[in-house]
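Single chain ahead, written as structure tokens, the form predicted alone.
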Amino acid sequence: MAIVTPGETTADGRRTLRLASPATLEPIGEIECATEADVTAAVRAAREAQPAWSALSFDERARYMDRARKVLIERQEEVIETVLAESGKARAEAINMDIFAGCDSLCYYAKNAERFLRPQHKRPHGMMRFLKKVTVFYQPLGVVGVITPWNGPFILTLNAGVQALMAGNTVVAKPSEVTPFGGAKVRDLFDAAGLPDGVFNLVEGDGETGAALVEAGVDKIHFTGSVRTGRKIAEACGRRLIPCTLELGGKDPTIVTSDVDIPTAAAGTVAASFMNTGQFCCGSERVYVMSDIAEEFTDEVVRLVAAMRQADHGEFDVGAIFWDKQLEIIEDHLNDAVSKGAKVLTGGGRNPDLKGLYIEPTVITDVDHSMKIMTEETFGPIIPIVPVESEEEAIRLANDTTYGLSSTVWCNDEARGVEIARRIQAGSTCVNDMAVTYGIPEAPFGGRKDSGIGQANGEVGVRGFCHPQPVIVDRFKGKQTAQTYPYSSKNDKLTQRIIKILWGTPIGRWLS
């Protein structure tokens, strides 16, 4: 729910939050904030359930994921309506981001987690290959805390939860208080799939509840959200010496080269900028286009954006801003840009025809890096366009940011597009496509700089919920080690001769 106001305190002392639709401003529910004791109880339940869950085979865990997938397909309208009610987004986005991606996640990790986590036999190099055998086993960490944001409460809770569960962990999830009901649908999904008690737990509440989860004795925190909160979580995890994965904010650049098909590049840029009403961490927030095509490209972008439909019901393209506090940030960035000389080509403010939290789809030019809209995360339906004289200038400006989550390059020459992509300081880059990295599990997803630490998804993501434990076995049952003592000068000289042979001669270096 986009508008959150305090409610009455319950008889047993729990704070409540009232929630209202960002589209209609009408009340749509209330939640009770879990207390520290509630969070502790959830973690305790997860801890008690984890040994039995991790003892299941991958096939047995996968069967639960398969049941959850079937439930999601059957109940998709229920999930869609929940997501739409608390976000005001377009229906097509709920179908694609939550149902399609949710089914894909459940299916993909059920099929592939065993392959990702099967024991790995490593052949030692040099002389050790004749003496030792090495096997790396992937042990589940235990209890994982999953804290998710308001812009994707269902899919971000589900996707991280599936990976942690398939790795043998149990989960305690805390969705944002702004959109708590989408996150709660993940719990309902697993309950309906028959997941054993304590394996997937959910606590509702605000930042106070999230802080309690970080301190509750979990074995890892997987967090998606703001840089400010991410830093606090990193500090808390560092103090407790537990790992964390942080997917934080972005100010993702798009570079458009001179050789592109302009209608295609313009349409792709519009899609990347307005998906999820611009509230998409790896959506485009800055566009650098070669000056020789800038006017034609900008005209095409404006034409597409001006035709976009915005409404609070029925069919539309651009929905509401999910959270009233985010609306304030977007307006501040727009006002700052205009006051410093930016030119609004279409849109430029609140939609006067809708009573909810709506910013008109907006295109602006005459912007530079002195403006907040080019340096701070805006997270709204706005495209700032900057003409540049060269690809070098575009790359320099793209990297002129404290963020580094994702980026996009539009270039007809694929090889050159890839070369440009490799020079952008971002966690991932798409060439001739909108930001799809998170939707392709095989591609590790994570940020650089202020955009976070660690990576989610695919093999890297699943292994991130495990400890890789090497087990080393001596081929001769310890006879070499048994002869370690006493030390002697004779053995010292022998070892030094071996060192000279192994690393002081060509054949020795080849052997080692």
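The first residue of the shown sequence is 1; numbering continues from there. Bear in mind the structure is a predicted one, so any value in this text is a computation, not a measurement.
The discussion below concerns the form predicted in complex with nicotinamide-adenine-dinucleotide (NAD), not included here.
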Candidate spot M275, N351 and E360, all three touching nicotinamide-adenine-dinucleotide (NAD) in the predicted bound form (heavy atom, 4.5 Å):
no
Quick one: which of 382-390, 208-216, 117-125, 186-194 gets within 4.5 Å of nicotinamide-adenine-dinucleotide (NAD) in the predicted bound form, going by heavy atoms?
208-216
Of the residues T170, Q163, T157, S176, which one places a heavy atom within 4.5 Å of nicotinamide-adenine-dinucleotide (NAD) in the predicted bound form?
S176
The unique member of G250, P253, G88, P180 whose heavy atoms fall within 4.5 Å of nicotinamide-adenine-dinucleotide (NAD) in the predicted bound form
G250
How about I424 - does it come within 4.5 Å of nicotinamide-adenine-dinucleotide (NAD) in the predicted bound form, if we only consider non-hydrogen atoms?
no
Close approach of L327 to nicotinamide-adenine-dinucleotide (NAD) in the predicted bound form, 4.5 Å, heavy atom:
no
Do W410 and nicotinamide-adenine-dinucleotide (NAD) come within 4.5 Å of each other in the predicted bound form, heavy atoms counted?
no
Should E93 be classed as touching nicotinamide-adenine-dinucleotide (NAD) in the predicted bound form when contacts are defined as heavy atoms within 4.5 Å?
no
Within 4.5 Å of nicotinamide-adenine-dinucleotide (NAD) in the predicted bound form, which residues of 217-245 have a heavy atom? Give them in sequence order, or say none.
F223, T224, G225, S226, T229, K232, I233
